[in-house]
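Presented as C-alpha cells, the chain that follows is alone, the form predicted on its own.
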C-alpha cells in the first residue's frame, strides 16, 4: 500500500494541463492517472512477488511493464490526430518528444512505487522484532519522495532561454519579401497582407550561445516547436485559409541565428519573448558537437 500510494502520487504530481491543453481535463486526466495507478501497482508488488517466489505473478508483472512501453505509440498516434486541428502544428519532433516524456513518467511512477515498497519491506523485516513498524512506513515514504523529487528534476526539459539569447527583431519588407532584421522569412504577395504584417506583426531573433545551441536551432523540429508554443501562448491572428499569416522560424545560414515573425492576438513583445524563452529544448534537437574533439577544433 505504501508503494502504491507513492507511485500514484508520483504520477499525479506530474499530471498537469498548461497552455498546450494536453492531457485534456477530465478525460485525459482519468486515462493517464488510471495507467499511472497500474504502473504504481506493478512497481509496488515486484519485491513481494519475488520474495514469495510467485513466478506467475513475476511473469505477469513483466507483461505489464511491456505494455507500458506501448504508451509512447499511443500518445504519438493521439497527438498526430490532433495535428489536423492545429492552426500551427507541433511538428513531428515535438510530438515524439511529448510521447517520450509520457512513457518516461510511467517508468518513474513504477520506480517510485518500487523504492517505497522495498524500503517499507526491509524496514519492516528489520524493525518488526523491536515493535516499531511505523518507522518502516516512514522509510518507504522517504524513499518514494526522494525518487519523485529526483525524477522530476531529471525529466525537466531545458528551456530555450538557457541556450540562446532572445531579443526583439524588427519586421520589415524588401519589396514583397518579409524580413526580421536582416533574416529572410517569406514572400508576402498581397499588399493587404503586407500592411497587416507591418501594423500587427512582431519579430523575435534567437541568437545561440555556442555551437551546441546553433545545432539545436538548426533542427527543423525545434523551430516548429517554437512557432507552435508561441502561437499557443500568445494567440494567432490567422485561419486555415490565411497561410501567409502562419508564424515561421527561419535560420540565418551565415550566423546560425534564427528569427520568427508572428502576428499574435496580444501584440506585446515582452510576453512573446518570455514565451519563446520557455519553449523546451526537445530531445531530438539536442546535439552536442562541442563534446567531440573535431567539433571543438571546428569551433576554434
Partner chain sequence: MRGGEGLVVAVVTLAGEKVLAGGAPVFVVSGSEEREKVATTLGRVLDSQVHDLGNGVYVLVKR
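Here the structure is a predicted model, which is why all the values come from computation and not from measurement. Positions refer to the first chain, counted from 1.
Absent from the display: the form predicted in complex with its partner chain. The rest refers to it.
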query: Partner proximity in the model of the complex: residue 105 to its partner chain, non-hydrogen atom cutoff 4.5 Å; finding: no
query: Close approach of residue 163 to its partner chain in the model of the complex, 4.5 Å, heavy atom; finding: no
query: 4.5 Å heavy atom contact, residue 240 and its partner chain in the model of the complex; finding: yes
query: Any non-hydrogen atom of residue 216 within 4.5 angstroms of its partner chain in the model of the complex; finding: no
query: Options 223 to 231, 94 to 102, 208 to 216, 114 to 122; stretch whose heavy atom lies within 4.5 Å of its partner chain in the model of the complex; finding: 223 to 231
query: Listed residue that, although its partner chain is not shown, lies within 4.5 Å of it in the model of the complex (heavy atoms), from 149, 186, 172, 158; finding: 186
query: Sequence-ordered list of residues in 192 to 210 near its partner chain in the model of the complex, where near means a heavy atom within 4.5 Å; finding: 192
